Each structure stands twice: as structure tokens, then as C-alpha cells.
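Taking the form predicted alone, here's one chain by itself in C-alpha cells.
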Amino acid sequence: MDSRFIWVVLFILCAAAGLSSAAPATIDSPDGSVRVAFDLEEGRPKYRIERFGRELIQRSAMGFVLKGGRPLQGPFEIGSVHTRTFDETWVQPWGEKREIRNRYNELAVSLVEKGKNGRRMDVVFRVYEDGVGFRYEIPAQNGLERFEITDETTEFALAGDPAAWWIPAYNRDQVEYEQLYRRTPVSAMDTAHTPLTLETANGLYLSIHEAALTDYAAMQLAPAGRNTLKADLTPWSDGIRVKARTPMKTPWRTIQIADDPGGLITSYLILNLNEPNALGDVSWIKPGKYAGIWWAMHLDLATWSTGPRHGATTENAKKYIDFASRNGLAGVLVEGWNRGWDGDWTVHGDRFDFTRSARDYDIREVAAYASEKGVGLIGHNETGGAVPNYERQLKEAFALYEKLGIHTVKTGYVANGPRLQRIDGKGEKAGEWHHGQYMVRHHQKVVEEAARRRIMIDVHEPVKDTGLRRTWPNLMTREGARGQEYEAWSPDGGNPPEHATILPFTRLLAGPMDYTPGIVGLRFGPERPRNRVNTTTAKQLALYVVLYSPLHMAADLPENYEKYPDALRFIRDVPVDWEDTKVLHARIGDYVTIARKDRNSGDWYLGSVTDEEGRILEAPLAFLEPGVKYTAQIYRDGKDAHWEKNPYPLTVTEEPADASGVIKMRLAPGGGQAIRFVRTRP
């Protein structure tokens, strides 16, 4: 039965019962596959989403609860309905795909509260072939100049009980996003972070997230009964969710839709819902790979604090700069360079000084040496969660870095649970969550100040990515999940082999991740007897392609790379800025194969990784340019490779390739394969 006929019948029945004041307003995607319908039920706004006539999101509530006032949920009347179409192709200055098409149909509904002096609220939907974004817009109006939101009542009433990949929210004992993913039915979920990835009973894949999070609280998803999830906004320490003034626009609530999980990876809906580049000239923004004084501290071979094992010395920094220069790496990260690391810095983050070096490190000498070697020095600003201390020094610190030629800064906010410092109106310290409005505002302040000084930002312990890199292209990458460091010291043994086969379909749907791959010393010495890297060597190489970031780390010790020159060769060669991206194989939690084209040459790269099971996969090479001959440089698991028993064997071969061919890949348990396709030169 035609879904439009169903809506007409429902409207007639509801009108007869006095339940609706207007017929549903509908809008379809440009190709007609996705439909959004909006209406009022007893004056309360509701929306639903279907694809090819099948419900994905059933009628779901919308609105807000305000402190000290009536809820902004109705009863409303529809004041006006406007639609428009939009179609453009824009160019990312850097990214996983150079040209992105932004094509949607838009429905904007203006609502007016019933009664005298009724308040106004608009709801805007944008419908794409790959999903839907919607947001609230509250225009300037008398009686609603300033207000506080205590709840957002947006719901996602799912049709059925899909499988979900999720991590729990509000974990007080660890950094919020750094958890292993769970797979359960939606009905068994607790409150979860987004992106939330779903597989429906009929084989569709959805991801619920948000876009353009600026001056608002991050959204979690809380169970609300009958397979319904409700927006759960991260609270301030005083319980308020959002402190707002009109005019106000919320972040977009996003639902990405794909026929297979690979389609989620190549959906650019979240980027499209962000505003265009606000910086103008971005020629100074340079993606690249970097080395760093970092892994030795995680292995307990060196310390962040000063003393006999201090890692960030002038001498040691020069050693890393020499390594980066020899191997064509763009930068060197130096952690532990500044004052404040001595003692328990996770408790006394307000002792950090972001302009003064530790006594055995000369930042000016090191910066000059890096410049001579053609290597960029990457600054490091760990706050220990002491946000006011960092904000007080921000302008002075970034001015110094600009003067010294330091154009990239890695920030950090190590603090468990709601322990990010804020000074309240009484001058007392309060503790905030990483993903509340307070920290959203803080990160925006940092990226804007960095842009003034032509500095790129890599955020660890961040607010989740919501596509702001489109508007602020100096906001390069983030952590925001369990990265490679857990392999070095985690009591649970580190990231299991399946972890990297889940991340592309969950965390990385939000945006780039600084996972820090490239560890080739897979087993550790007596300093870490219970830990090891839970992959093969080939899988470490494949991660450079599978896990996208414009800043990728060659994370291991220089001396380990010298032991394994074949692995280092691929790390040197693989780019971080792409012309195009194709997903060849995709099964969440089992395996994934991704091919990407280098933006600065005609070469392609392929990465394929598996979980603890060995796989034989066939990769059609139709993504290669037709009529062009390539040499495939293949880095595969050795014959007896196994992530746990024998992780090191790596076989490197070459063979001719073209678009008509197929490469048969054998992935060892916990293994992978990396391939560079080099255009054959005359």
C-alpha cells in the first residue's frame, strides 16, 4: 500500500478524534528513497522517517523542558511551512575525499504556541539520500531572551529492536570515550554515547549522531521504552543541560542510512551539515605523519616528569628530529617538555606552564634545530583537566609557538568522570564532564585562538567530533576512543583484535581519529611483561589506511623501526591526504577493507584488517584507473603469522595490477594486509 495513502487515512482518523491540527508536512530525499513526515499530535511536534516506504523511525517526540518556565513542547500551531532544494559540490582542503556533493531537500516548519503571547520555535529537516539531519531554531523573541534547558525531549522511536554497537556514557572511573564497544539489541542498552551504530532486522545500517556541536551540550542516547531512545544532554555541575540565549540553533540530530556498513563510512552527511570554511586561506594547513617522544613513556622506558629518565630532553628531541628528517616525516611531538609534570599532574594540572621549558629542555634550541632539518615541532599542552589554568595562558602560549614556528599543538584533558575544572560565579571550583557545554565552549575557544596563530590542533580526551573540521579546517584530528596506548599498559590486556574492525563503523563515523598506529615492536620487555600489541605487523601497516586521520603517528621507537625496515618503508610511503575513498569489504566486528587514492599522485593504497579469525578475501581492483598499469607493492602476513602466537612475520612482494584484476588476500588471525598501487612510469 502506498505510504502516502496511509498518511492521509491516519490524518483523517486523527482529525476526527481531535488529535491533530494539521496534515503531515512531508519532504523526500532528492532520489525519493527517504521520507520525513512532521505533524502535531494534540499540538505536540512529532516526526517520523521511512525509507522506500518502510518505517525506520516511528512517530517520535520533539521539544524542550526549560527551567522555571513552561516546557517548549506545545501545544503548537503550524505558522508556516517552507521547502527548498540544495545541490552543490564543495572541496575539502584536506580529507578522506576531495570533492563532496551536498544535495538535499529541506523542510522548515515554523511553530507558534497556542494562546496569548505564544512562543515561537522552528524545526528544520534536511533529507539526503544517505540520511536525515534535523535541528531546532528558536528565534529572538520577548520573554525568551535567556533561558536554561533542563531536558531535550527529542526521541528516536526505532521500528523493531535493531542490534547496536555502543559504549556507555557517564563512566566516572575512566576517560569517557575510551571503552571497548558492546554489541546488544537496543532493548538491552544503557545510556550510550554517539555515534550509535545499528543494524536492523531487514539488513539496513543506521548511525545516530549529531553535527555542528558548538555552544550546546553533547547528546547521549538514553533508553525510553519500546525500543525508543531519547536525547540525553550532558549536564553542567549544577544540573542545567544548556545555558542559552535567543536566537539559538541546536546541533543537527543526524540519522545516517546505508544498505551495508561500508555505506556509513562513505556518507558525508555530518560534514555537509556543518558550515563552510570560516578561515579563508588555509594553505598553511598541512596534513602529515609525525614521530614523537611518547611511546617510551607508555612502556615505562622514560618519564614525563623530570629526572634521570626524563624523555623530553633537548638531546633526545634532536634524536627524534633526525629520525623524522631521514624518513620524510613531517613532525615530531615532544611530550613532557614543559614545567608541571613533576608529582601527580592528574591532580595538580593547575601547575602546568605552557611557555616555560623543563630545565633539561630548551624549546627555542629544539625549534630552531627542527627548522634546520625541515621538520615541524609539535607542541604538547596537557592540562590535567585544569581548564582555567590553560585558558589563562592560551594566548601567550600560542603567540610563543607561532614565533618559534610551531604550527601544530596536541592538547590533552586527562581526567576521569566529571573532573574538568571550572570556576563558578562564587570563585569556587566545580567539576564538569568532558562533553558538556562548558567544554564545548572551551574547545571552540582553543581552535579559534589557534587559527589566529595559524596553528593546527590535535585534541586528546576531546569532545566528540561533529564535523566542525569543515568550518575550522585547523581542527585536524582527535582521540575520543581507546587508541593504541592501551596496548602498552591496560590491565585488561589492551585492545582485542576486533577493536580495529569496529572503530571505522562507530567512532570514525564522527571524524578522524589519532589512533597512533605503526607499532612494530609488538612484544615488550620486562618493563611490561603482561602487555603486548594484539595485532600482526601487517595489520599495523593496514591501520594507516583503514583508520583515517590527517595527522598519523609513526608511534614506535626509532630503534624499533631500524630493526624492521620493510615496515618502515610502507609507513614512509603512505599518505594521509586522500582524493577518494572506497570500501571493498565491511562486516562490523569481523573485517574491513578500504582503498584510498593519494591526493597528490595517481597512486592508490589499500588496507584490510580482520579480528581474531583468519580470512581469505578477494579484492576487486575496479577502483584503479582503467587502462593504467600499476605495480602492487604488497605487505602481507607471513605464512605462520598469528596475532598472539607469532605476530612478526611480514612478507613483501610486488606484482602487476590493473583495474580488471582481483587480489586474493590471506589475513592471519588478528592480521591484515597493506598494499600500495604505484602507477607504472615509462
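Note that residue numbering begins at 1 and tracks the sequence as displayed. Values in this document were obtained by computation on a predicted structure and should not be read as measured data.
We do not show the form predicted together with 1-deoxynojirimycin, though everything after this point is about it.
Only one of 465, 232, 479, 155 comes within 4.5 Å of 1-deoxynojirimycin in the model of the complex through a heavy atom, and that residue is 479. A single residue from the set 310, 119, 443, 380 has any heavy atom within 4.5 angstroms of 1-deoxynojirimycin in the model of the complex; that residue is 380. Of the candidate stretches 110-118, 530-538, 82-90, 292-300, only 292-300 has residues whose heavy atoms lie within 4.5 Å of 1-deoxynojirimycin in the model of the complex.
Contact between residue 190 and 1-deoxynojirimycin in the model of the complex is not found at the 4.5 Å heavy atom cutoff. Contact annotation for residue 165: none of its heavy atoms lies within 4.5 Å of 1-deoxynojirimycin in the model of the complex.
Within this chain, residue 460 lines the site of 1-deoxynojirimycin in the model of the complex, having a heavy atom no more than 4.5 Å away. Remark: residue 435 does not count among the residues lining 1-deoxynojirimycin in the model of the complex, judged by a heavy atom distance of 4.5 Å or less. For the partner-free chain shown, just 304 of 300-320 comes within 4.5 angstroms of 1-deoxynojirimycin in the model of the complex, judged by any non-hydrogen atom.
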